[in-house]
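What follows is a single chain, given as structure tokens, in the form predicted on its own.
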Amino acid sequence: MKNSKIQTAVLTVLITVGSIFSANAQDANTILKKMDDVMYSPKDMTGKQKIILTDKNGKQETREATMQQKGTDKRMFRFTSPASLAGIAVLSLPNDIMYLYLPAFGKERRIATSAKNQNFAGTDFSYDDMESKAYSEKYIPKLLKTEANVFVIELTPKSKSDYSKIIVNMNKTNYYPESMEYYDKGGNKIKEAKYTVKKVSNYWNAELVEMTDLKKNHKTKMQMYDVKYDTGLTDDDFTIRKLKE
């Protein structure tokens, strides 16, 4: 009789713990999906970017670029200045396809999955960071804790990545990330991104993203301006032909 009660108690504990884990997983997935919905809510978006690179000695370099986005899986990023970089562009397409265009060579080059950890054109953003893909498609989320103003979510890559995990502090009101911390395979924090957001029309937008490489003590600020939403971009605006224009 005593053993039966013990077994029942153990079973109850296991069921309860299993339910908690299941609820947490469901909550994490729901929260991450809401973040994707906010970040990719417009049908399309166009904007200009001012990019400021700051090295460990405080020396700064300024660049300009344009960006176009359609849905969750099509993005075109192109430098417009300085003249030495003008025309260099990246095209992100569905199914993990990315192309880099270098005007000096006059042809596009597909970026291999194994090369997506490389930094793009001297910035602190990797090709992986520049990819247009919903976070819920790339990562398995885990809710670490809930604080007064943020959800703290741990993201583990579903496929091969140089990141072992990303810790996201997500605003509880608008579901936009306030910061992201990137960790390598050894569990060391190697980069961090900070977001400044504002509402443009009906959509939340990151008007400033500041990415810092902690190993190199190097920083890249991307400031978005002249943002327009739902202008009617089509799939034809995200082709290799457009990449080379």
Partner chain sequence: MKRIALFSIILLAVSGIIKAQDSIVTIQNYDKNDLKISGELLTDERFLLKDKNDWAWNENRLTLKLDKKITDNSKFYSEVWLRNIGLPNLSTSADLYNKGIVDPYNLEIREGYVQMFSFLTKNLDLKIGRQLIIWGTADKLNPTDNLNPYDLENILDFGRHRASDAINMNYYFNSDFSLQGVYIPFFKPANMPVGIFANALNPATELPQGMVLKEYSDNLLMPKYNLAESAVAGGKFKGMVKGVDFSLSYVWGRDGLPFSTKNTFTPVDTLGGININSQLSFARTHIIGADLATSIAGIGFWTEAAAFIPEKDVVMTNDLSVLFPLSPVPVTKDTMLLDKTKPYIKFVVGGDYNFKDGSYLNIQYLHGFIQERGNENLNDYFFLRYEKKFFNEKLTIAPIGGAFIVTDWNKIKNNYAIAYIPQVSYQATDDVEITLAAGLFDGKGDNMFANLKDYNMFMFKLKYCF
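Numbering follows the first chain given and starts at 1. It should be emphasised that the depicted structure is a prediction, and the values quoted were computed from it without experimental measurement. Here the rigid core means the biggest group of C-alpha atoms that line up within 1.5 Å when the two forms are laid on top of each other.
This next part talks about the form predicted together with its partner chain, which is not shown.
Proximity of 107, 119 and 218 to its partner chain in the predicted complex is complete: all three residues have a non-hydrogen atom within 4.5 angstroms. Residues with any non-hydrogen atom within 4.5 angstroms of its partner chain in the predicted complex fall in just one of 189-197, 60-68, 33-41, 204-212: 60-68. Proximity of residue 99 to its partner chain in the predicted complex: non-hydrogen atoms within 4.5 Å are present. Its partner chain in the predicted complex is approached by residue 111, whose closest heavy atom lies within 4.5 angstroms of it. At least one heavy atom of residue 84 is located within 4.5 Å of its partner chain in the predicted complex. Contact between residue 162 and its partner chain in the predicted complex is found at the 4.5 Å heavy atom cutoff. Core-superposed comparison between the shown form and the other one: the CA of residue 99 exceeds or equals a 2 Å shift.
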